[in-house]
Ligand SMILES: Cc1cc2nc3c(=O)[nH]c(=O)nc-3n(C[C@H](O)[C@H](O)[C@H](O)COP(=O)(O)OP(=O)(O)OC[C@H]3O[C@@H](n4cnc5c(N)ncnc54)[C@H](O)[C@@H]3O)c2cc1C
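Consider the single chain below, provided in structure tokens and representing the form predicted alone.
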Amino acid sequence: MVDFLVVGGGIIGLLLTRKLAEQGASVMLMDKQALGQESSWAGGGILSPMYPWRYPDALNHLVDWRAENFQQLARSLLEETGIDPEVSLGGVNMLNVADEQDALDWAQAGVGAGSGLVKTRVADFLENEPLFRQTENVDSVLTLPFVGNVRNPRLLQALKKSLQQRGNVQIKEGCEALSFVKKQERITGIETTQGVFSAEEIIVAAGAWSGDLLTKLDVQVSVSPVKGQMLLIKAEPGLLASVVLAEGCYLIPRRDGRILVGSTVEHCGYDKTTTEDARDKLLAAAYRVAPILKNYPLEKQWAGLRPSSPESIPYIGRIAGWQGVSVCAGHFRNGVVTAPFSVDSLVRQLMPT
């Protein structure tokens, strides 16, 4: 018997386990495969919603616009594990935004006022970003200056190692949750492919699979998979300093010079197959944005399954009608950037001071 059993080893599950363990709770973390292998690994790690004024305020309230949580988290994990999650706060630049005035209005009011969004001179953008100096159609630039990106596979590796070093954390990989153990209206455990495990509180943080699992309780949570395909181009350091959104794609720099290109939005169930059509469309968009990229080889293509939810607003809290079970899922494209505040919100509910 543990205090908490977390189902799902993505960014949400890993951070939940770490936070609960830091507060002295005993925690078991399980995943149907190795930790950190699904959408948290597959995504780009942008530390802002894309075009955030187009999202509900409820989503944007979960974002730390100055990325302070991630800077502190990265330093802490580097000290604990020796793994650097590589948080890069070069900003996010959005080119030729059609609803630019809506964005600027949002930046002056409500939650948008905390984002720091500004309009940047095109000449200044081109001076700082060599990748775009052969691009002729940059007419306007909007900038979120205080955010950037994290190398999410390294973040996941560091979190896993951090948990492995804690005496009050148990990790079960290759352990699929099959159903809940019930005692009247209380959930007391989980039946899995490795046996039955008991806990005072079960937390469902299984990403795109969360909705399926909760149907075992006749609970309908609108979380479903949406495939996203990504590319990695082997460029060179110094070409790209910031995250750039344009032409229906985004470009994300890594410290070693590689550039991520993403991403598709495909409603095809749990299929993670990569396709030539998606590759060609993403490359065409990237080349329109930055023709220089044609000079560099495509290194890798992959796909992940985002946990979509209505209006991209995640479910965070206890499940109505049952005791001993909570959910933290449905973050869609914003799981990494909203993870710290999402986790803090749920932990405050489960372990009030």
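Here the structure is a predicted model, which means the values were calculated and not measured. In this text, residue numbers run from 1 along the sequence as written.
There is also a form predicted together with this ligand; it is not shown, and the following applies to it.
Residue in contact with this ligand in the predicted complex (any heavy atom within 4.5 Å), chosen from 209, 197, 106, 132: 209.
This chain is displayed alone, yet in the predicted complex one of 46, 289, 59, 327 has a heavy atom within 4.5 Å of this ligand; that residue is 46. In plain terms, the part of the chain that comes close to this ligand in the predicted complex, with a heavy atom within 4.5 Å, is 174-182 out of 174-182, 161-169, 113-121, 233-241. Proximity of residue 253 to this ligand in the predicted complex falls outside the 4.5 Å heavy atom cutoff. Residue contact check for residue 323: none of its heavy atoms lie within 4.5 Å of this ligand in the predicted complex. Residue 16 falls outside the set of residues with a heavy atom inside 4.5 Å of this ligand in the predicted complex. Contact annotation: residue 203 falls outside 4.5 Å of this ligand in the predicted complex, judged by heavy atom distances. Contacts to this ligand in the predicted complex (heavy atom within 4.5 Å) from stretch 281-305: 304, 305.
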